[in-house]
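Heads up, the chain below is alone and in the form predicted on its own; it's given as structure tokens.
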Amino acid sequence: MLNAERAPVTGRKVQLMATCLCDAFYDDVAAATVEVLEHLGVEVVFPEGQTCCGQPAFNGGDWAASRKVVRHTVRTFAGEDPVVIPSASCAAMLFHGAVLEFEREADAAEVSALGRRTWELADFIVNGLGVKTWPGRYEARVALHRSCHSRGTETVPAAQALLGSIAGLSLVEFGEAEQCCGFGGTFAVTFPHLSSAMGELKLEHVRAVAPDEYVSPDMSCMMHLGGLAQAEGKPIRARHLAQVLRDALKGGPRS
């Protein structure tokens, strides 16, 4: 497991890293994350100085630039409280990618310490807090996306456990579920035709089972597939896991 060594969760206070995509495109995901955590009795602190996890530069091979961003993140999220992120991709960057790029750096221990207390949202709820089921009701057939960065972590099993326990919600499986959606951050910009082809294949498999919603723990995948579907003139309802959990508490999907 990528994140097998974890700092134990001993309190009910967390720091929220909202990610660049929440800031630029999905503010409601950040709001939903706060509502979900507060429902569980968790105090949410939002460090104002937060920017990015450093993943774009890391994936692009500019590790020197990425380290600058990661060092800022380490300073911004100082302390002992868990850092919760509504993004499997950004969480994996901090507990896996950042650790790799700091192996020979003097401050490697500080980066590793941040990684050990970094959690993706579903993983934190199920494995950090020990919450195995979710209350409320949500009448929908849901296709759950397994993002690449959630591989080797507990994110997908945790998301399946929570979604599968909601009254009225039915999880539907689709073909080639483990395949990449084609986004890959800068990959989508560098190889747009290949990226689009991968995304369109993913959409074919999803549409074949006719879900009401396509749900992901990663906003980047939502953005990529939702954009492709819109461009094709066949939009899909793509939602983040936090939005589904929040709306289940209120009786069902929002329009």
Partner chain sequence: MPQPIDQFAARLPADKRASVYQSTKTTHEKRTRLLFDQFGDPDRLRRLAGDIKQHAIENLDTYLPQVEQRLRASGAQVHWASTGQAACEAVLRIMRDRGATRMVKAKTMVSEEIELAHFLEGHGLEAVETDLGEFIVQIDDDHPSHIVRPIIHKNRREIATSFEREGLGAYNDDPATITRRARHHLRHKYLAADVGLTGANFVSAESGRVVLVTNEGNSRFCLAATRCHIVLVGIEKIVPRDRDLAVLLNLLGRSGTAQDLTVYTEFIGGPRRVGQPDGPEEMHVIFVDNGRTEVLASDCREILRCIRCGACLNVCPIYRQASGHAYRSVYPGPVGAVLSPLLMGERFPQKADLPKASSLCGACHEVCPVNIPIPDLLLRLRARAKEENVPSPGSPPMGPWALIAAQPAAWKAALAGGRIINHLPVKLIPVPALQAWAAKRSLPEWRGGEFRKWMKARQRPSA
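Computed from a prediction, not measured in an experiment: that's the story for all the values here. Positions refer to the first chain, counted from 1.
What comes next is about the form predicted together with the partner chain, which is not displayed.
Figure note: of the listed segments 122-130, 108-116, 155-163, 141-149, the one touching the partner chain in the model of the complex, with heavy atoms no more than 4.5 Å away, is 141-149. Taking the partner from elsewhere, no residue among Leu94, Ala210 and Asp247 has a non-hydrogen atom within 4.5 angstroms of the partner chain in the model of the complex. Using a 4.5 angstroms threshold between heavy atoms, Glu80 stays clear of the partner chain in the model of the complex. Proximity of Leu40 to the partner chain in the model of the complex falls outside the 4.5 Å heavy atom cutoff. Residue contact check for Gly136: none of its heavy atoms lie within 4.5 Å of the partner chain in the model of the complex. Contact between Val74 and the partner chain in the model of the complex is not found at the 4.5 Å heavy atom cutoff. Counting a residue when any of its non-hydrogen atoms is within 4.5 Å of the partner chain in the model of the complex, the hits in 211-241 run Met223, His224, Gly227, Leu228, Gln230, Ala231.
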